[in-house]
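In the structure tokens that follow, a single protein chain appears in two forms: structure 1, then structure 2.
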Structure 1
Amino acid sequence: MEFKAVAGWRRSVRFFEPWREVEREKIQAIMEAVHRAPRVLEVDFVRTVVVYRDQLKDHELTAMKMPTTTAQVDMAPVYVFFYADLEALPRAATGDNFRELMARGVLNRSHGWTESFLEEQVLPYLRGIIDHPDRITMRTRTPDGDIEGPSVSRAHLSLARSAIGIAQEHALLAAFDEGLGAQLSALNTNIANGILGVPNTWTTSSPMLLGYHGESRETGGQRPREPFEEDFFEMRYGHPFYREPAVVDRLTAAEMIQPTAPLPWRKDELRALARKFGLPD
């Protein structure tokens, strides 16, 4: 599919066909897209775990539900969990990733990349992030109280979370390119981490629920946003980036920008979906 149409048709899908499995080759295509995501500071932060709903026990599924994620969990046949390994940055601070990129002609002398530059500037820069005094202790919540994990600097955590977001972005778009529906949705990751055997040095964000659309591809329209000018600025904060209507028209023609929710028939659809899946209205 064309990129712009993929971005335009991506919605948070909240109804999936619970009875329809996702072909493993589609999951592989999604995971390969994640694997190609750019690495923040060339660090291999990202880890993913693909989980098949039907291989989980009922009580595990129930325990993973959160106030913001309810029936979706029962409907989606696959969940993809995203993590950043907080030990990846200290490993990268040996310089080996950069040396490999220098050897491959990615990073070159033209931009200052030499062994001494690496040793004298780049690696101290990374150490500065790792050792920054503004720190936070990672915690895992359990019924018996919090378990303390590693202490990391906030700058380090911020990079790790960025890496997760980039990976999530690739996964979401690739899912729609594969003709699937997907949604990032909070699950109880403390419970999930226990079930999946996740080390306490990995930090996470919301997993992606994945499956075939149980609702229309429109999902009632593109979800509304605040005005463009609230988020994007030019030259300085407070001076909005002018939004040219002709560009909006071009993106509309390319299906990236689509009619905003609610489409007039959304509530009829929603009630029909409630009947389809036996949900209340």
Structure 2
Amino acid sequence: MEFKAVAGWRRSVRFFEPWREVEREKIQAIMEAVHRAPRVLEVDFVRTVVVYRDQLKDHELTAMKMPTTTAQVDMAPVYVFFYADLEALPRAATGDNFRELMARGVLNRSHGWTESFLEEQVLPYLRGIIDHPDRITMRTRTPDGDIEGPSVSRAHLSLARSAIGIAQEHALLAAFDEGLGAQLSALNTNIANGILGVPNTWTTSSPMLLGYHGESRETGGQRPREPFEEDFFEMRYGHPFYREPAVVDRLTAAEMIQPTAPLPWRKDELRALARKFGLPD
């Protein structure tokens, strides 16, 4: 699909075909998109663990569920857990990754990138983030109890979680481009971390459920949003960014902007889906 159509067709899918496996090549395509996502401060933070629902033991899946977890977790055949490796920033603070990018013509003298700039400005800035005194202690919950991890600065953790957010967005858009459905969902990542054996230097955020649509692609229509003018401003707060109707028309034709939920037939579809999957009507 064209990018605008991918952005328009992305939904939080809640009905998956639980019996239909996702081809490994499509999962790889999603990981390739994540691999090419922008990197915060050029730091290689992002890690993922791809988990196949049917390869989990029943008690492991049960332990991962949250009080708000609903049927889509049982239906989705694949879960993608996103992490940021907190040790990546100290590695970057050696400067080796920046030197490689300078050698490859990515970070250039025209923009001030020299060895002295790196040593006198960039690396002290990164070390200041790493060593900042406002800190928290990382913890991983396992069946045998909590494991205490390293202490990291809040600024460090914020950068790492920003990197995860960028990766999640790339993954979501790539999933829909591959003809799949996806949703960021609540799972007990503390429990999952112990089951998956990830290092206690990795921090995480919402995993992505992945599978084939068990409902229509429209899923009842695009989710409603607050008025455009309440979110976007130009030059200063209080001066709304003008929403040009002709641009709205162009993006509607490109399928980025689509009819808002609920579409007229959505309630009928939901009743049919409940019967199809043996769920409450």
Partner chain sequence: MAVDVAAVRSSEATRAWLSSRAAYWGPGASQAGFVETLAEFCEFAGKMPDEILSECLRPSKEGGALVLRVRARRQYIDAIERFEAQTGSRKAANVVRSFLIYNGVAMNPSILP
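The first residue in the sequence of structure 1 is number 1, and each one after it adds one. All figures in this text were calculated on a predicted structure; none of them were measured in a lab. Only the largest set of C-alpha atoms that superpose within 1.5 Å between the two forms is called the rigid core.
- Here the chain appears twice, and structure 1 is the form predicted together with its partner chain.
- Relative to the superposed core, S151 shifts its CA atom by 2 Å or more between structure 1 and structure 2.
- Core-superposed comparison between structure 1 and structure 2: the Cα of T219 travels less than 2 Å.
- Once the cores line up, the CA of P133 ends up 2 angstroms or more apart between structure 1 and structure 2.
- Shown is the Cα shift of P67 between structure 1 and structure 2 after rigid core superposition, which amounts to 3.0 Å.
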